[in-house]
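Quick heads-up: it's one chain on its own, the form predicted alone, in structure tokens.
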């Protein structure tokens, strides 16, 4: 059977995207029957008990999630406001939408978060609140605690992104300098009933890490924040007011985030309606139908991007040599979210950097293709989701006067693959369940 590796890889990637469709995800988990009983997974809510239904939230997928909820509940929704990334908005009938900056927060996100809190001031015992959360929610709800400014949060976020901190570490600090994260949004919605629908973009689907856990108990502490600052030597890189605030928290002067057992969580439900695991399963099914021996490696892949690329290409070489862990034609699928420590001044993202590092490792090997792409359709501050690489990629680049190693050294993967015509572009997918990597060996 002759395989078109590029076509196959793209079909497998697209199958993973389809499984993460926010509209379908909402409709899988939320039902309303003819008697006016709303069911979210296994929990029922009688709508007649509520005088108002409010919808809030933030994330790259919040607009299609909100549209699905409007289709389900229609005019029963009293009011709502959500924030999404620029270019990810959709027309909504009842719910107000704000587009804002991501990954570095901006004033629009600040204002959108203020609007959310103002709306939740009206919540009482007879209010049902839906909170829609997806990847990007942390940056899109950037309202800081009293005493800090948006600029303080921007500088802190930028320092964390550039030092190679994991999303868990980044969000630990975000929670403690935020007015809404780390369970504080649940506190604002109390004593209303709160249902959170979550499209997970976090390894392990940890509820208190996704979008920095605005509606669930927070397990992290100010001491954890200080440990992260020291680990990455950020004391002189984050604004002094941020370091001072965290030190005050460590000393007990500032209040901790709400913890497990707090009564504000007594009437809350948080449901993961989409995740990397579901997308990877769909990708594997597509690979199976295309005639590959498909294997899901892991959805927990994290670490420095170049190191992760080395491990993945080592698996390719093992398949070629021994047929392990699967025989050819093979498809290895992995998910997760790696990090890039920036040393150069180029343009790129973790997916393109992964593929560039992989291209160097598979140079000269035949019948191999590597694709890595962000399921949100964007990789770093670019218009590409990711890139392709084959055993001939480095040679083709040299023929154009491009050194793969030099572009990798400068973190300039975007311009490298742009010159070769090997970028993967999807446009905004309106979803986000981390990254999807596909390795094909025939």
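Numbering follows the first chain given and starts at 1. Nothing here was measured: the structure is a model prediction, and the numbers come from that model.
Separately, the form predicted together with a further copy of the same chain exists; it is not shown, and the next lines address it.
Annotated contacts: 300, 307 and 311 all touch a further copy of the same chain in the predicted bound form [non-hydrogen atom within 4.5 angstroms].
Exactly one listed residue, out of 280, 273, 331, 82, brings a non-hydrogen atom to within 4.5 Å of a further copy of the same chain in the predicted bound form: 280.
Among the residues 325, 89, 239, 291, the one placing a heavy atom within 4.5 Å of a further copy of the same chain in the predicted bound form is 325.
Not displayed here, a further copy of the same chain is approached by residue 205 to within 4.5 Å at the level of heavy atoms in the predicted bound form. Remark: residue 155 does not count among the residues lining a further copy of the same chain in the predicted bound form, judged by a heavy atom distance of 4.5 Å or less. In the predicted bound form, residue 114 stays away from a further copy of the same chain, with no heavy atom inside 4.5 Å. Remark: residue 145 does not count among the residues lining a further copy of the same chain in the predicted bound form, judged by a heavy atom distance of 4.5 Å or less. With a further copy of the same chain left out of view, the stretch that reaches within 4.5 Å of it through heavy atoms in the predicted bound form is, among 106-114, 315-323, 245-253, 176-184, 315-323. Contact annotation for 378-417: no residue has a non-hydrogen atom within 4.5 angstroms of a further copy of the same chain in the predicted bound form.
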